[in-house]
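One chain follows as structure tokens, the form predicted alone.
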Amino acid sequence: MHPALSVIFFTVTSGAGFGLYSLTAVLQLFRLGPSLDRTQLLVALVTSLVLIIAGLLSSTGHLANPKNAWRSFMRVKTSWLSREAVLAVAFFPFAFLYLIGVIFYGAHVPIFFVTMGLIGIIFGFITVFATGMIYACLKTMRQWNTPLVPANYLLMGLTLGALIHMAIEAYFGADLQFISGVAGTALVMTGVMKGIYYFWIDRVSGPTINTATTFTRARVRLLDTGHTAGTFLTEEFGYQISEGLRSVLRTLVFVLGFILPLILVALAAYLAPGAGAFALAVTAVVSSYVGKMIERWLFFAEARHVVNLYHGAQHT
């Protein structure tokens, strides 16, 4: 599939925003780790909402006719894209009410605002899950048609959210021992899940030109593509990357996305609170964000639609 920058930015950035909001609310509402004061909570929650809104706005850049974006809300029963749009909009009232509760009451919000925060967490997780299911439900692309896809989307968002949360705590000079453990665990889990995904798509075969044509007793070979220039199908669904570039980018995914941030998180945890720990935490966020942008680019570039079988590909 042709990688679209607007969709890559949307899925990574809004996923990070939902991850940051959910993690901040979970840690605070369930009293896990050091308690944040009103200012720290507000910075974390506002940052998460800004990331989510920026991501959602960028997604309209992928539409050929943005004024028809409202139609994406009309197919909730059959479309994961429509469910994602509805869930993302439904998230905001609860998130803003929890934010208002923090503004007025600080860390110890009344039960009404606690309920709003919990519902916001649920909507946040389900929205990211729906984003992953937009791709995982497509049986025409074996690289996407797996439960590993929504699992990766959820873990990627949670990992970036944990790293941004750690950077915010570092800015305010908080003790990073607990949040660094959360971020480190998320990095390891996400890296392992990504490794499993790459292992799976490299070894599990999908439809072939034989199964597509139902001629399964001998090798089928396309004699002519039927066109002399690129078409929408070949340009949008037949995107190709070289084996060398694929290997380099996969290495960068693990180095920038997981290994380097994990080292920086560990170093920041053992430094005294201050400018050094903050610089390491911010560097970890930037490194992981770049790594996940590359990962998401590869996610699209490596997907092979079955239509390629009718344009010369032997298998997907």
Partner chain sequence: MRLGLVIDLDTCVGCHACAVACKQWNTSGTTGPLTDYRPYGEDPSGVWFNRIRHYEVGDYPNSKTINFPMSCMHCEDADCVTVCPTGASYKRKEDGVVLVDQTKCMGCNYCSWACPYGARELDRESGTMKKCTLCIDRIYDESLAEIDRQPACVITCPAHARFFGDFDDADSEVSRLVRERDGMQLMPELGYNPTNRYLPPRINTPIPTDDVRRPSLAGKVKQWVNKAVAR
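Positions refer to the first chain, counted from 1. The model shown is predicted, which means the values in this text are computed figures rather than measured ones.
Keep in mind that the form predicted together with its partner chain is not shown, yet the notes after this line are about it.
Choose one stretch from 65-73, 38-46, 260-268, 287-295: the one whose residues place a heavy atom within 4.5 angstroms of its partner chain in the predicted bound form. Residues of 65-73 come within 4.5 Å of the partner.
Sort through 241, 107, 222, 192 and report the residue having a heavy atom within 4.5 Å of its partner chain in the predicted bound form. When its partner chain is considered in the predicted bound form, the option within 4.5 Å is 222.
Of 144, 91, 113, 153, the one that lies within 4.5 Å of its partner chain in the predicted bound form (heavy atoms): Answer to the contact question: 144.
Find out whether any non-hydrogen atom of residue 305 is located within 4.5 angstroms of its partner chain in the predicted bound form, and reply yes or no. The answer is yes: residue 305 has a heavy atom within 4.5 Å of its partner chain.
At the 4.5 Å heavy atom threshold, is residue 135 in contact with its partner chain in the predicted bound form? Residue 135: yes, in contact with its partner chain in the predicted bound form.
Please run the contact check for residue 235 against its partner chain in the predicted bound form: heavy atoms, 4.5 angstroms, yes or no? Result yes; residue 235 sits at the interface with its partner chain in the predicted bound form.
Applying a 4.5 Å heavy atom distance criterion, does residue 207 contact its partner chain in the predicted bound form? Yes - in the predicted bound form, heavy atoms of residue 207 and its partner chain come within 4.5 Å of each other.
Along 298-316, which positions have a non-hydrogen atom within 4.5 Å of its partner chain in the predicted bound form? The stretch 298-316, when checked against its partner chain in the predicted bound form, contributes 300, 305, 306, 307, 309, 310, 311 at the 4.5 Å heavy-atom cut-off.
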